[in-house]
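Shown next are two forms of a single protein chain, provided one at a time as structure tokens under the names structure 1 and structure 2.
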Structure 1
């Protein structure tokens, strides 16, 4: 779950990480007041869950409170379209109004979990301001990685190493250690899957300040991070994806018309691969998950049906912890009478597959049973050529 920049910065500040002075505003008048407090010259930043704000006009430098108000008015209530958003963009509900600062050096800093090492890792680079993927492509030698031992946590010697490798002077190096220590503590305390500060700047006064901040909380840990869970802004997410997320379903909206209902992320991806290799386009990635009962499956099916592009449905379930009969009952529960004609191509294998097939055959829905995925592709072709 992503936090907004202003939420991330409030969190950072509560851990003692330095952030620019500023305030969040949801009206132009509020933006004016914050800018006045900051002395006029400031930056007005659209609060959206997407990168590329700067190039899209979402970040505006102003020199008076009046200008700040105007910039806020121009952003608030609009939808910002960036290179990373859907074509219809994401709504701007708030702007962050912040002091500007004299920057001497821009660094990149990220903390994430390294799955292979089984521990958190700090990624840093002197090439701050660029996206990390860009740095990785253009100057991979500038990317520094420091593994963190979970018993001892982030250590000053690691900060000193990073400072040397990034060419920080003695004062900046001294200032960096408590900032990184605090960021690591935040990362662990709050069950983050990522903390990314880009840029982390060295100011003229050799202070270390987080000029931007992206914090992602691991969804699986939200049950024990209620304060973080409250920060969710569903307006920033694709409506269907947001609904799915709320229900705990792994769903990603895609461009095609074949609604996919598959259990298991791997099989779901493999099914998409096959659908696409056959020349069709999946309407979604969807993993109904392991322990789905009929009511939850029904919710999932409703989600797929809500996408107006969906013309047919491909069900591919290999029962394990999920049972085919539960899935079948969920499909029957969800499908409204008026859409009984929508073709449902169904492949059931594994746990309770026979009962699942029986439930569907008895349901009155338009079922096309298949034995394997190649047969599914054939049925798709047949349905597509009337």
Structure 2
């Protein structure tokens, strides 16, 4: 779950990380008042869950409160399209109005979970202000990595190492240690999967300030982070994914046209890999889950059908707790009359597979039963041939 920049900075500030003075506004008049408090010269930032805002016109430097109001009016209520959004963009419901700062040096700093290391890892670079992917591609030698032992936590010597490697002077290095320590404490306390500050700046006064901030909370930990869960902004998420979230369905929208209906996350990922290897693109990741009754299955099928790009559906079910006949009844229940001609490629194994096959054969739907996914690939190819 992503936080908006203003939410992330409020969280950082509560842990003692320094952030610029400012305020969030949902109307142009509110932006004017915040800018007046800051003395007029400030920056107005669209609050969206996407990077690349500056290049897309979502960050505007202004000199007066009136200009801040005009900038907010130009952004609020629009949809911002960046390199990280789809062509429709994402809605701008708030702007962050912040003070400007005299910057001496820009750094990159992030903490994330590294599965290969089995621990949180600090990633830092003196090439702040650039996307971390660009740094890794163009100047990989500038990427610094420090693994943190979860038992002992972040240690001051690790901060000193990063300070030296990034070329910080003594004052800036001294200021960095408490900021990094606080950031790691936030990361662990709030069950984050990522905290990123880009840029983290060194000011003329040798203060270390988070000029931007991204925080992502692990979805699997939200049950014990109710305060964080309340900050979720569903308007920033894909409509189908937001609907799935509200219904408790594991669904991720993808760019292909083969709808996937699978039980089990591992089987779902393997199915998508096979679809891609065959030269097609899956339209979604979807895990029906165990113990799904026909109505629950119907909800997931309707979700797949709401995606207008879906031209065919691949069903790959290993019946266990989720029985094949229940899956079949859910598919029949969900298919509207106008979509009954849509090809549905079905592989059933396990509990009640024969009964599930009979339910689909008697349904009047356009069913293509398969014994294995190699056969399913051949059916996909046949259906794709004009």
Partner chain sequence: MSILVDGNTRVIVQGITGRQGTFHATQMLEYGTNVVGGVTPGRGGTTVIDKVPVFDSVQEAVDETGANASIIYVPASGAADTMLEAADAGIPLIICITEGVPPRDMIGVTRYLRERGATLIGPNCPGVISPGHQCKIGIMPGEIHRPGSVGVVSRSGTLTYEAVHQLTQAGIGQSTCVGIGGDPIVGTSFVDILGLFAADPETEAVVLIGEIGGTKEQEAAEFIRAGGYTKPLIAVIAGQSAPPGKRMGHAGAIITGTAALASEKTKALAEVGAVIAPTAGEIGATASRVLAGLSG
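Numbering follows the first chain given and starts at 1. Each form is matched to the other, and the largest set of C-alpha atoms that superpose within 1.5 Å is called the rigid core. Keep in mind the model is a prediction, meaning the values are calculated, not measured.
Each of the two structures shows the same chain on its own, and it is structure 1 that derives from the form predicted in complex with its partner chain. Of the two rigid parts that account for the shift between the two structures, the one holding residue 233 holds residue 112 as well.
Interdomain rotation between the two structures (smaller rigid part relative to larger, C-alpha based, rounded to whole degrees) is 17°. Core-aligned Cα shift between the two structures at residue 356: this is 2.9 Å.
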